Structure formats: C-alpha cells, structure tokens
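Before any questions on binding or motion, here is one chain by itself as structure tokens, the form predicted on its own.
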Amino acid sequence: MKVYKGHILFTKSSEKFEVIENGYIAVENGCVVGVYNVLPAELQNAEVVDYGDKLIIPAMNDMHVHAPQYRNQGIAMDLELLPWLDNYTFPEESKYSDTAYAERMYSRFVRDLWRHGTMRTVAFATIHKDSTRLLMKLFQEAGMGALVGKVDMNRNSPDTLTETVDDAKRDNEALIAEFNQPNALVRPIITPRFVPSCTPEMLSVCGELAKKYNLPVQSHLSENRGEIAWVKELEPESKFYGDAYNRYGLFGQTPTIMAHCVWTEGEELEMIKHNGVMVAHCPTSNFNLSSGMAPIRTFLNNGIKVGLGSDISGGHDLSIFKMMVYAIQVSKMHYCQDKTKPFLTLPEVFWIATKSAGSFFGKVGSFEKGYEFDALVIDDAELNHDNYPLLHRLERFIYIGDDRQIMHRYCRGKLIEM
C-alpha cells in the first residue's frame, strides 16, 4: 500500500471536476483503494509520498496515433488526406521493413509519448510484423499501456505496403500468440487501415481474427468527403461507410474505435450508438488535412463514447492536453454556426481524455475506487504566479503548460521513468 498526497483533480462524470485540496490517494496492487480529504486511521502506517503543492491528475490516453509517421510530424500540412497519403505517408511507412530504422524511430516515439504524459496508446504500426513486434516490446519495456495494430492492407497502396490476405492472417496470428495475454498492458488490436486499402477478403479475415481471439478493432471512418465517395464505389452493397465495416464484423462486434467520424450522421451515427463504437476525435488532423469539424456535441448528446487522438502525423502535436484545447475550439466553431449546440467545457474534454477514453482499456482514467492508478504529478509553480485556485491552475497548465511541468508519471501504479 502506498499513499500519494497532493492537490487531486479528476472527473467522475463530464459535468464537473472532483477537487480534493491537500488530499490523499491510496493505491494497492496498482489500483486506487480510495481518495480522502483526511487519511483514515487504518492507513496511518502506510508509506506516504508527499507531493506538497503539486497537482495530481489522471494520465493521458491517445486513442489514435500512427507510430511510423512520427518522423513526418509537421510535414506536408498543406495537402488533403489522399495526396498526403500517397506522397508522404506511404513512402515513410515503407521504411519500416528495416527493423533498425524502426527501432530508431519507435524508440523516440515511445519516449515522446512518455514526455507528454500519455500512459496509454492505441497505435497503428505498419504491415511489417517484425517492426510491429519491436514497437510492442518497446512499450512493454517502458511499462506503458498500448494496443498496437499490425496494419492490414492489400489494395490501393504501393507495392512496398501491399501484402496478401494469407500473409496478413499469418503475421497477425504470430503477434496474437505472443502478446494476447490476459490483463497485459500491451496487446494486439486488429487494424484494417481503412476500407479503400482492404479488399472484401482482407476485411473478412480481419473480422474473423477479431471474433476468434476476442480482440478489439481500430480503423478510420468518414474522415474526408472524397474518401467517403471512394468507399461507396468500392463497397456498393453497403448502405454507408460504417456499414461496410459492420458487414465484416468490424464495427462493435468486439470493442471498436473509429478515428475521425467528421461526416458521420443519420444511420451511421445510429449504428455507432447501437454497436457501442468509440469515436477517436483528432481535431488537429481534421484541420491540417482539410477534413472538417467532427460533431462531438452531437455524439455526446447521443451517448456515444469519445476519446481524443493526436493522429500523428496528420496531426502535428502529440500532447493530448493540446487536443483538449483544440477540441474546445472546434466545438466553438460549431457553436458559431448553431447556437443550439453548446461548445465543450473544460470538465467535458478532460473527462473525454481520461475516463471516457480510458474505458477502452478497462477501469482507467479516474481516481475512483478500483481504477488502475495512471497518474501525472504536475509542478506548475512557474505558471502559478498569483496563487490561482486549483481549477484555474489546471486550466492554465492545459492551455499554456507543457511537458516541463510533468514531474512524475505513473501507469498501473508503477512510477514510469525514461
């Protein structure tokens, strides 16, 4: 048993922050036992780690990121989605056939996630089994949580990123045999890149693997209008983009996260809600690639789960704190157009980034009893010039702070140092 003392802030719900000034969090076996204003008598003999005037908050969860695009961060931001893929993304991802290159880039990527306070990640790798395995090993060695997908694609891609259905199945099953262990911090996730890059046979195999091994699924959905039109041509029997995934068992039959959903509405929105699919909102990517503004208020009003994603390298920033800021700004643009849809509040985006996103990993993202202790200790002394109230201190850190204020990082109760 360990007890952590400091100013504790988290969100049980999207309506408000829980704020415990000079409070205590008791942690045992990696999980929260309780949060207290005063340390109970039965815990008086426990080891106390006193963080003084610092903030203790849940760690961040990045629900959509392309690890092999890390080197391209901040490059070619003047293109739309499809030419950006063809001219920059695919050439970079092709380099991951070389495991030495992969190790160099993935090591930097994992450390940068750690630096920004992200302790859980849902990541795309590439089609390359050995490089994907390397990324999973790096997460394991770091002690950070991740769902890592060996990307599957066999059409509308360069020869260097095209595989056969049989190869995709074999390589996925090899990674599943090694990493799909109960309660493991690092596990596989079935990852058809998106419908345009997967034939019906590939999508079928992906659905079969998800069902056979009870694995989660990730992909892209309704990001760009040109992409949506392309899917209609490729999958004419599907009623809409999401239905194409659904027909192959890739849309909530096992836990599913779909990135973007910028143009999701009507029947597609209803199917997302009915099937319990989570949306990964990636505001910087949606702006950079001229995709549009995802209707997050509509999703929340319909009870759809939402998390935040950096979407490197369509997005240009790995900080989920900055994704909170951008998500609020996107919602304010929606509000300018339709005053019946209130813009997102700070507790809402904080809850989206922590407890809502964390639910994809289990009981993660809150300091409620039984939740895994994923936490950040924030030393905001240089930002707190005038002794602001605790909520203002947190808001200032989110808007104008950076990794220099993150003093310590915990994942599942373990102090993570790099």
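What you see is a predicted model; the values in this text were computed from it and never measured. The first residue of the shown sequence is 1; numbering continues from there.
Heads up, the form predicted together with guanine isn't pictured, but that's what we're talking about next.
- Contact annotation: guanine lies within 4.5 Å of heavy atoms from the stretch 187-195 in the predicted complex, the single such stretch among 164-172, 101-109, 204-212, 187-195.
- Screening Leu346, Leu81, Met77, Ile228 for any heavy atom within 4.5 Å of guanine in the predicted complex leaves a single hit, Leu81.
- Distance criterion of 4.5 Å from any heavy atom to guanine in the predicted complex singles out Leu85 from the list Met271, Ile176, Leu85, Leu138.
- Heavy atoms of every residue among His220, Ser285 and Leu289 are located within 4.5 Å of guanine in the predicted complex.
- Put simply, His281 is far from guanine in the predicted complex: not one heavy atom of it is within 4.5 Å.
- In the predicted complex, no heavy atom of Lys355 sits within 4.5 Å of guanine.
- In the predicted complex, guanine sits beyond 4.5 Å of every heavy atom of Ser359.
- Residue contact with guanine in the predicted complex: Asn384 places no heavy atom within 4.5 Å of it.
- For the partner-free chain shown, just Asp311 of 300-321 comes within 4.5 angstroms of guanine in the predicted complex, judged by any non-hydrogen atom.
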